[in-house]
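Take a look at this single chain in structure tokens; it is the form predicted alone.
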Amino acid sequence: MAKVSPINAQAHANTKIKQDPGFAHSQGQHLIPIVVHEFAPASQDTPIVFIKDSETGRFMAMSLVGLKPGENVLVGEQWKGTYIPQVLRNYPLVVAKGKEEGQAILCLHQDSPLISETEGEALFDENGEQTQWCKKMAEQVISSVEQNQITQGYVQYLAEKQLIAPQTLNMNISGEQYSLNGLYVINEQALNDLADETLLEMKKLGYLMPTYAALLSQQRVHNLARIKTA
């Protein structure tokens, strides 16, 4: 598990965050967590899938960025997609829950290779105040926490309506066979069979657009194959 530490002016007075346009830290991830607000732009590049937590039974929304575990085909000198998931843009910053109800603490991944004392964006200025860059990132990270909560409600709704179904990804690329298990996708037939009142309810909740985006995104697996073989 990644080690995180709360950001403070004393411990991080000289801490800077380097930029990595290729997002190399995600090299070993074939699944990137995304929120429902990202479904539309993410669907232009990658399949949107769901995975199930074996302990809680809850589903989580993911952007599929590789054709096998431990592979991210979009990592390079520059990110090879048109959309960069916000969890990657936020890194190495993250929010942790405080002891008090509703308390959020801005933290830093301690072992991140993007942490430096000589180059990058400073977290604090010479007066010990957060820099404008740090404040902007903090707002972005905290916003992502709120969006995660909305996404959990959305995905739970899909599960309750039985709109998520398991699917195994099988592909043959240049003679090499790829197979991914444990994935779930939008069940197109179940979506088409929904009663009119349920479709209206989804429309009012703002759930229809991201659902269709996730459904249409399944074709983007060919985009991953194209990038892999390029």
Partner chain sequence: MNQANINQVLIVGGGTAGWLTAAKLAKQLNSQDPTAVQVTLIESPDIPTVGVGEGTWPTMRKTLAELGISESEFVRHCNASFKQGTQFVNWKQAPENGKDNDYLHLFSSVVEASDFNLSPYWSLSEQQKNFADSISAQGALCRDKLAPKDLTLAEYQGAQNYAYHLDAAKFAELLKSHACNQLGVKHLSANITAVKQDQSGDIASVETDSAGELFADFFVDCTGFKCLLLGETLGIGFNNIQDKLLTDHAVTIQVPYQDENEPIASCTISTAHQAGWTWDIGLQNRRGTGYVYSSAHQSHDEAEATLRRYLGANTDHLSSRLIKMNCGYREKFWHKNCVAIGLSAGFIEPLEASAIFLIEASGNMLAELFPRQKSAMAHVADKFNRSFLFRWQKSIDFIKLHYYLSKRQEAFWLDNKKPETVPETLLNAIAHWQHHPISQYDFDNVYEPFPLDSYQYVLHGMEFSQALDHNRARYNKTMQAQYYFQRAAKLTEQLQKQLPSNRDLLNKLKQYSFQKI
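Positions refer to the first chain, counted from 1. Keep in mind that what you see is a predicted model, and the values were worked out from it rather than measured.
Just so it is clear, the following notes concern the form predicted in complex with the partner chain, a form of the same protein that is not shown.
None of the heavy atoms of S174 is located within 4.5 Å of the partner chain in the model of the complex.
Using a 4.5 angstroms threshold between heavy atoms, V35 stays clear of the partner chain in the model of the complex. Contact between Y184 and the partner chain in the model of the complex is found at the 4.5 Å heavy atom cutoff.
Shown alone here, Y178 lies farther than 4.5 Å from the partner chain in the model of the complex, counting heavy atoms only. A heavy atom within 4.5 Å of the partner chain in the model of the complex is found for exactly one of I115, A104, A159, V94: A159.
Interface residue among I164, L67, M202, L31, judged by heavy atoms within 4.5 Å of the partner chain in the model of the complex: I164. You can rule out all but one of 51-59, 22-30, 194-202, 38-46: in the model of the complex, only 51-59 has residues with a heavy atom within 4.5 Å of the partner chain.
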